[in-house]
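Just one chain follows, in the form predicted alone, and it is written as structure tokens.
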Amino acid sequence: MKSAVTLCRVSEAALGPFVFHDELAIGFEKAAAHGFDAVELFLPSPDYVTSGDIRELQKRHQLDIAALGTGAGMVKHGLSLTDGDATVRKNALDFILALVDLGGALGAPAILGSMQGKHGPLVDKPRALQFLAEALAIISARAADHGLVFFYEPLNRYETNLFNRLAPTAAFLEQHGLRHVKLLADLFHMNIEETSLVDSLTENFTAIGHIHFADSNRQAIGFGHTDPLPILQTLQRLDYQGYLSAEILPLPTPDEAAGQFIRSIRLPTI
């Protein structure tokens, strides 16, 4: 299993669960110093940096790109794929597609989290799910053009009322034939919504492409009450080949969070 750490350049997400908020050159340097295999990038816009600049940082620090987050579309620009306004939905889709294209140049999938939106008084749940399925079909096709998949992240009930658990999300993706969309399993959200982390990971394993490895309090595992051992043993048994990514709060400090994360996934008993 490979490790990744989050690098965030979105000022509106300064209090979010991202380890490093430095300029990219510094963030890459810190990631390499802590021994991570890759970085997960959260950029304010698709044109914030060129793929060439990112590749130069990769080469300098021998790091892969695990994924590109799209959350700035929501937190910075107020966009979602299920908004009641067709113009907003189009702008949201275009924002995501541009990040899928940037990821295509880097061989890295993009992630849909907060930009999935919610249903509510202006858009009921069936209509919201229709909007979501239509957008994901377009995104899935674009990811396929790049030979990649796209990651869909079920969020907890306090962040969305669309999908909160892995199994219903996997069923939705299968129902709509979204073969190039895989699940992002985030242990923080799963701690709230799933009956058993191990059972959920096992039962939905073939649909999972990426894991946010976070404790129950959104800090590095070891700072909350999640037991990493059965999770790591399960993923090892299932031969998980993806990333364990540190989408965690930078507490008590970014460097301490990064160090604890690395220790939490490299237990000598695994």
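Numbering starts at 1 and runs along the sequence shown. In this text the structure is predicted, and so the values were computed from the model without any measurement.
Absent from the display: the form predicted in complex with a small molecule. The rest refers to it.
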Candidate site Ser114, Leu155 and His189: all three near the small molecule in the predicted bound form by heavy atom within 4.5 Å: yes
Partner-facing stretch of 46 to 54, 238 to 246, 212 to 220, 24 to 32, counted where any non-hydrogen atom is within 4.5 angstroms of the small molecule in the predicted bound form: 212 to 220
is_contact(Glu159, the small molecule) in the predicted bound form, heavy atom dist at most 4.5 Å: yes
